[in-house]
Structures are given as C-alpha cells and as structure tokens.
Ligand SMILES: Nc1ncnc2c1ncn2[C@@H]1O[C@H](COP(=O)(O)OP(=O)(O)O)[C@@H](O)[C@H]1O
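Only one chain is given next, in structure tokens, and it is the form predicted alone.
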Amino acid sequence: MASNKLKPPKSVRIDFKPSPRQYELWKLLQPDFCPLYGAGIQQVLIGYDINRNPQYKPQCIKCLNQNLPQLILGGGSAGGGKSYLGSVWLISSCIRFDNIRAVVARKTLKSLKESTWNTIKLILKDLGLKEDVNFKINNLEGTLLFWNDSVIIMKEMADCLVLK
C-alpha cells in the first residue's frame, strides 16, 4: 500500500449526472467495459511478433468485438463540460487504481491553474476528500498525490521556441 502517510477515505461515492453526450464519452473512457454492451474486456492472444513476444488485443467478453477505441477525443464549444468530465475521470481513475500517473495539460500552466486545476480541487472537495489527509498538492512540482500513490501531474503544452 501507500508509503506517503496519506489515508484512504472511509468511502467515496462518485455521483454526477452527465448530459447524454458526456455519458457517451464517459462510457468510452472506461478501461474495462465494452462501450457497446457494457460487458468486460479481456486481452486475447492474437499472435507473436518477430522476437516471439506475445501480442494481445482487447476484446469484449460478450460480443467478441475487437474494434474498441484506443484513442478518445472530446470536442465542442466552451461550456460543454469537457474539463469537468475529464477531471472526474482522472480522479476516479486515480482512486480505482493504485500507483498510476495521470497528466492533465493545457496550452499554458496559467490557463491550467485558472481552470481545470481548480475544477479538480472542487471535485475532490465535493467528494469529501481532504487535503493533507487523503491527498496532497505540491504546487511547486505541479502534482496531486493520492493515498494510494496515484498522482495527477500538471503539464504545459505550449510550444517551446528554439532560437537559432
């Protein structure tokens, strides 16, 4: 378990009411369910590469569909709830899975801190999680560490200028 001296909460219930469009995106983001049938996903051996390493492909247990999304993009105008949905997903993933590293990024750190990072902190508060008890924020490193050693990292996406 965690070595960071943070404590797991007694219970966490993630309960939000996404719009129909947000719900479609939410289903696609679930790592262990087929978005068509809600059934589990299994890794199926499909062969071996030239170095004899096994190669696997995800497959729905119920419908045997292997055409599962590997890259999921959300778009639309401002105010559609993309940041909120993404923030809930990041937090729920960090709660469900120990020791994962997740990244939340925007063009600039300034825009990230003024928007999505505040949304993440608001969601944590709404879930009843307490700073320095269940999670710890390091503003210098731009990280949010959970009791189970999962972490959300802030990253800036702005292009770096190369001077010649």
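Start at 1 with the first residue shown and count on from there. Fair warning: this is a prediction, and the values are worked out from it, not measured in the lab.
Although it is not shown, the form predicted together with the named molecule is what the next lines describe.
> Would you please decide whether P9 lies within 4.5 angstroms of the named molecule in the predicted bound form, comparing each non-hydrogen atom pair?
The answer is no: P9 has no heavy atom within 4.5 Å of the named molecule.
> Is there a non-hydrogen atom of R13 within 4.5 angstroms of a non-hydrogen atom of the named molecule in the predicted bound form?
No - in the predicted bound form, heavy atoms of R13 and the named molecule never come within 4.5 Å of each other.
> Are any of the heavy atoms in S83 no more than 4.5 Å from a heavy atom of the named molecule in the predicted bound form?
Looking in the predicted bound form, residue contacts with the named molecule include S83, since a heavy atom lies within 4.5 Å.
> Would Q22 count as touching the named molecule in the predicted bound form under a 4.5 Å heavy atom rule?
Q22: yes, in contact with the named molecule in the predicted bound form.
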